[in-house]
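First comes one chain, alone, set out as structure tokens in the form predicted on its own.
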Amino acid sequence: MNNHHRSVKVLRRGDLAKLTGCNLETIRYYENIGVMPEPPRSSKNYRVYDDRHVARLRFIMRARELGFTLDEVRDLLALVDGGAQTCGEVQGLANAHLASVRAKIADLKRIEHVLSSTVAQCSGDDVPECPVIDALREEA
């Protein structure tokens, strides 16, 4: 018996969703936009998924959890799919994303500071005057 070939478990879309925790509609969307390959069909015309689909979907989900946009995920997958990705190419994409994350953090810190100082001015009393409302009415 030849043990070099691993058995491939056949999965349906619902199985793929359960295994990865990904929503069925999201899987369908990823297929429609091309980040997930269109799966082959069984003789009864059911979509047939396997371990490669599970691994790819988990890759996409992890990248999305780290805040990569779908375009960035597509770029990462293009490098991976080409099989010739270099750490330098991936680092370039990741550095660009890191710069974006840092800019968002700076924006959030600015927002936190403005909200914190505005909320601190609130008396909390049962009165109509409210510094938060006043600040929202101000023109920038």
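Residue indices: 1-based, along the sequence shown. Because the structure is a prediction, the values reported are computed rather than measured.
What follows is about the form predicted together with the DNA, which we do not show.
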- Heavy atom within 4.5 Å of the DNA in the predicted bound form - residue from R62, R52, H113, R28: R28
- Do P131 and the DNA share at least one heavy atom pair within 4.5 Å in the predicted bound form? no
- Message: If we define contact as a non-hydrogen atom of the residue within 4.5 angstroms of the partner, is Q121 a contact of the DNA in the predicted bound form?
- Response: no
- Message: Residue-level question: is T86 within 4.5 Å of the DNA in the predicted bound form, judged on heavy atoms?
- Response: no
- Message: How about R41 - does it come within 4.5 Å of the DNA in the predicted bound form, if we only consider non-hydrogen atoms?
- Response: yes
- Message: At 4.5 Å between heavy atoms, only one of the stretches 75-83, 62-70, 88-96, 105-113 reaches the DNA in the predicted bound form; which one is it?
- Response: 62-70
- Of 37-60, which residues get within 4.5 Å of the DNA in the predicted bound form if you count heavy atoms? R41, K44, N45, Y46, R47
